[in-house]
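Below you will find one chain, with nothing else, as structure tokens; this is the form predicted alone, and questions on how it binds or moves follow later.
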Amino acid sequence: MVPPLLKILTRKNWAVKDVNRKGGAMVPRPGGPVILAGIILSEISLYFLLPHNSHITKGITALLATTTISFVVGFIDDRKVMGGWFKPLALVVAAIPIIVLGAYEPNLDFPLFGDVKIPALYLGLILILIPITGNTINSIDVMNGIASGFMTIASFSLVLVLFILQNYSVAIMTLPIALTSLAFYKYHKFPARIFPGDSGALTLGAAYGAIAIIGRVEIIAIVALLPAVINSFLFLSSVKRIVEHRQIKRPTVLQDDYTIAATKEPDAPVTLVRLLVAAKPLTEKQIGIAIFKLAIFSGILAIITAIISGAKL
């Protein structure tokens, strides 16, 4: 579905400048509609193919609702830059279907230590987790292919985790997220032909968070996202407030040879990319490979955690 969308976006002149590319090419955005369509069509197919029980039915319905609301939130921000608090607060609304449909169990499963029953607190955790995963993926969508490639690795890691823990139905429900990310990566990788935009990044991040809740693998799912989580933590701790990325100084600079170096501006935010290029400038492709290596390492940690947890069970 990407080629037809590219024609539509080009005709509407919905494009943004790729500031790190030679010549500053204009790249169509957002790709969120095809990401949402890929997930929705796949999950609806699974709704009819998987065994019908209340957990699966509630899970797929909640996943579809949460993902769709997150897309709408991102699409609004794509078309009109909102304030820094808009996306976190709006994504709280996206988490509500999970609670209303009861697609969760009010226990937090800590690897090695077992379940902790926190019925009231768990509702708050749901309302927090979707904004965290959504904005975490959005914050790492800084260069060609990174968000889609990162989500491909993290989602396939989560599929393996769920299979190891013998949660087969939810593992299959996770495949559309992983495969949609992989399909989109074909057009998003360097040099990108399309950007996901906030609508695409929030859709993928919120869908991942919903699966973590439905599959009761919240802690392990966060382990698989560690590089993106660290990136968000570095950004927030340096900026010290919630603010739109487009409203702050860039943490990196593009050099004459089109390598990317860390900025010397003292009040620019600290990010994962800025740390990666602190020692020496790197090309955009090299930065992407470095982040994917970190994602693979975190995915392996998540899988090892699942194996240990499965052995304990």
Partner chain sequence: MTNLLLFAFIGIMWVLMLAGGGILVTMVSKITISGYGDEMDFFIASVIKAIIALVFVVFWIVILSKLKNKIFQKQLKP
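Residue numbers count along the first chain shown, from 1. What you are looking at is a predicted structure, and each value in this text was computed from that prediction instead of being measured.
What comes next is about the form predicted in complex with the partner chain, which does not appear here.
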On the criterion of a non-hydrogen atom at 4.5 angstroms or closer, are F110, I222 and A278 all touching the partner chain in the predicted complex? yes
Stretch in contact in the predicted complex with the partner chain, which is absent here, among 222-230, 90-98, 155-163, 70-78 (heavy atoms within 4.5 Å): 222-230
With the cut-off set at 4.5 Å between non-hydrogen atoms, does A15 touch the partner chain in the predicted complex? no
I'd like to know if L254 sits close to the partner chain in the predicted complex, meaning any non-hydrogen atom pair within 4.5 angstroms. no
In the predicted complex, does I39 come within 4.5 Å of the partner chain, counting heavy atoms only? no
In the predicted complex, does L9 come within 4.5 Å of the partner chain, counting heavy atoms only? no
Enumerate the residues of 286-301 that have a non-hydrogen atom within 4.5 Å of the partner chain in the predicted complex, in sequence order, or give none. A290, K293, L294, F297, S298, L301
